[in-house]
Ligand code: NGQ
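To begin, one chain is listed below as structure tokens, in the form predicted on its own.
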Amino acid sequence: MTRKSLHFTQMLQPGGWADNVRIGLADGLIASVESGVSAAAADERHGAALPGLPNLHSHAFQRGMAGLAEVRGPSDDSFWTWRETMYRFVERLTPDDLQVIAALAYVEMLESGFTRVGEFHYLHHDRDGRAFADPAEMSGAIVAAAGESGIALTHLPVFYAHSGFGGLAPGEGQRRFIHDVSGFAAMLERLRPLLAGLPDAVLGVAPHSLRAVTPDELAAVAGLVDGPVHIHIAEQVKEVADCLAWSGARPVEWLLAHAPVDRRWCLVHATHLVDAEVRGLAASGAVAGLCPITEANLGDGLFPSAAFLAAGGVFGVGSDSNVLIDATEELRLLEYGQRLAGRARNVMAPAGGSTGGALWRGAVAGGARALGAVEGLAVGAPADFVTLDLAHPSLVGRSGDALLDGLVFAAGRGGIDGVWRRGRRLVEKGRHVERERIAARYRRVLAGLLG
């Protein structure tokens, strides 16, 4: 058994901030926590420690197309025109390419303070649309990328069968995504032993969206695992209109009425809701999976966060398209979007409370629920934490939640000194220990793909 101990001047624990905290680690887990104690001679010493953030929604391969869809077309651009660029990019990727791209994405997540990723993975088949001999070939590339980067993985294989509501036949650009229920179940069985070799890995499922599954397929897929169930929903106004035309109900309204939505579920985006849907989603215990950078990039709109929080809702954040990977920027943009929409300040904070503190705590709690992970830094939990550079100009002289306000709204990722995953320091002075090797390989692959 590998043991070590660390001492922090401050640490954000599940019950709040504590000073002079000493934690003992055993095989990557937190074995003991003592507050108000001096450092022992052998302790590794650091400043402030925070629980790492869960990234509850990622499409890792899209890191390779970051910036490629920023040229205006002949008509108004939207999510739907962006999707055509994605289809053209995805048709080129091999399993090796996917591993290389995902590994860099995961390195960048760790550098920004994410310690677990929920990989919403829908790229399953070969370039001609035929299944690989190993149905989990592409998922295996994701598992390998998580292993080499060190990030914790909640793998969310996507079930995708149709191009629109009512079971419409899939389009040519979707050929690499498509399954029937039996083929999807077979892929999950192949995945289980792959994930067993990855510490703390979790297996869930992701019916892609209501437009990509029938009601019967949705029920069947959600019952294939005991883990998390994630679904894209109500991201675009057109999606809402199409759902109304198909069913007479809005997407979240339909889902809450026809599926057993509970704490296992994460509704990704859920941008366009009416008041009854806001209240229903909050009451269900499901997590609202918000991706502010991507939602801004795609022009999706703004989730009604203030009303959702007032109804007792739980949220988490994700990097989605990975056009820019930055945990603090996701939180900052989440709050700033609400400020712009409501022409108010400190919208996500409780009365008298810190906004940075509310954002970080909320994203830790909601992300852990959505990804089937242990929440926070407590005995028995994986030692997944972030340490801050207390000499950073925007953090100096601060303590407690004032550190989180300084981190989220001023210092950003520049205030992060180190990131640990299972007690192993993967990020030092803001850089992943394997960054140069992984980035060099990424550059070679992207030069070939884009050349």
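What you see is a predicted model, and the numbers here were worked out from it, not measured in a lab. Counting begins at 1, following the sequence as shown.
The same protein has a further form, the form predicted together with N-carbamimidoyl-L-glutamic acid, not shown here; the description that follows concerns it.
Checked against N-carbamimidoyl-L-glutamic acid in the predicted complex, the candidates Phe165, Phe89, Phe79, Tyr336 yield a single residue with a heavy atom inside 4.5 Å, and that residue is Phe79. Among the residues Tyr122, Trp265, Phe315, Trp360, the one placing a heavy atom within 4.5 Å of N-carbamimidoyl-L-glutamic acid in the predicted complex is Tyr122. Only one listed stretch (57-65, 406-414, 44-52, 421-429) carries heavy atoms within 4.5 Å of N-carbamimidoyl-L-glutamic acid in the predicted complex, and that stretch is 57-65. Proximity of Asp320 to N-carbamimidoyl-L-glutamic acid in the predicted complex falls within the 4.5 Å heavy atom cutoff. In the predicted complex, N-carbamimidoyl-L-glutamic acid stays beyond 4.5 Å of every heavy atom belonging to Arg130. Using a 4.5 angstroms threshold between heavy atoms, Arg83 counts as touching N-carbamimidoyl-L-glutamic acid in the predicted complex. Put simply, Phe303 is far from N-carbamimidoyl-L-glutamic acid in the predicted complex: not one heavy atom of it is within 4.5 Å. Every residue in the set Tyr160, His232 and His269 has a non-hydrogen atom no more than 4.5 Å from N-carbamimidoyl-L-glutamic acid in the predicted complex. Along 10-33, a non-hydrogen atom within 4.5 Å of N-carbamimidoyl-L-glutamic acid in the predicted complex is carried by no residue at all.
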